[in-house]
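One chain comes next, on its own, written as structure tokens: the form predicted alone.
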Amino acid sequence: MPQGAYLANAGGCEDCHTDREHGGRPYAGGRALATPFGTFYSPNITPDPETGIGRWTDEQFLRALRDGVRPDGANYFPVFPYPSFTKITDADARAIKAYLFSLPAARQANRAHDVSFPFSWRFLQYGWKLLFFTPGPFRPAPEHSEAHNRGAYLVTALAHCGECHTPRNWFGATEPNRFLAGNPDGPDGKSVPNITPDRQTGIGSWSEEDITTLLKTGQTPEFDFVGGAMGEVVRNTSRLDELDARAGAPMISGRARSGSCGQSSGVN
């Protein structure tokens, strides 16, 4: 698998940017995401020059991921998980863009978000960013192994696990001190479980092998299989190479114990 395709898969780009429910073309956008602030629709990220991102430069693509800013200078709503994607390295971001530009262009206009006043005002995102957003690429921790840092990069940046598994405040921003502690009001209003090492409410009784098995097959230690949004995630994580799949497991338990975090909101 080409590097850009591998990275886009790890990031779940096709799942969010494809309206499979209505037979939409891959990456052409239109998938609905219900949040407490309204319903958002993912944009077309095929290389179509009129309705997609075909005219974007590398710098514009990097700015979207790194700063949550569109080519016209307007802010994205952080339902687009740029608070996690800001950590993606420039090299990986460029590889993802090169892959997207290799795909067939799909001419499909973006659908307007169905978000009520005042949450529809993009300029309010300046204040949100000031309060809740820290831009910048992932920095490996020198005291940890290469495998741990790779796992941390996957969990907090590319795979952006905290976007769904971390509870949010009234402003839709994730709560850094509760990273991966579960979200009772996750995407489309569905509860997302606690995946910290807490033995009572999280996955503290799971082994690293249990976590790796779930990422590769979707099977839990109770021999059940995940479904819904996590089922989509597993379709992607099952295609990770063995080193990456195993790197994510100890990182989830180790980083959660240390209280480190990723962040974002529920309000593109």
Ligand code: HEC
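Predicted model, so just to flag it, every value in this text is computed and none were measured. The first residue of the sequence shown is number 1, and the count goes up from there.
The form predicted together with the ligand is left out here; the points below concern that form.
Colleague: Only one of His148, Lys129, His113, Arg178 has a non-hydrogen atom within 4.5 angstroms of the ligand in the predicted bound form; which is it?
Modeller: Selected residue: His113.
Colleague: Quick one: of Pro187, Gly172, Pro137, Pro197, which gets a non-hydrogen atom within 4.5 angstroms of the ligand in the predicted bound form?
Modeller: Among Pro187, Gly172, Pro137, Pro197, a heavy atom within 4.5 Å of the ligand in the predicted bound form occurs only for Pro187.
Colleague: Taking any heavy atom pair closer than or equal to 4.5 Å as contact, tell me whether Leu215 reaches the ligand in the predicted bound form.
Modeller: Leu215 belongs to the contact set for the ligand.
Colleague: Heavy atom to heavy atom, is Pro193 within 4.5 Å of the ligand in the predicted bound form?
Modeller: Pro193: contacts the ligand in the predicted bound form.
Colleague: Is Arg70 close enough to touch the ligand in the predicted bound form, meaning at least one heavy atom pair within 4.5 Å?
Modeller: Heavy-atom contact with the ligand at 4.5 Å: present for Arg70.
Colleague: Contact between Lys87 and the ligand in the predicted bound form at 4.5 Å, heavy atoms?
Modeller: Answer no; every heavy atom of Lys87 is more than 4.5 Å from the ligand in the predicted bound form.
Colleague: For a quick test of understanding: in the predicted bound form, does each of Tyr6, Arg66 and Ala152 have a heavy atom within 4.5 Å of the ligand?
Modeller: The answer is no; none of Tyr6, Arg66 and Ala152 reaches the ligand.
Colleague: Can you tell me which bits of 1-28 touch the ligand in the predicted bound form, meaning any heavy atom within 4.5 Å?
Modeller: Those in contact are Gly11, Gly12, Cys13, Cys16, His17.
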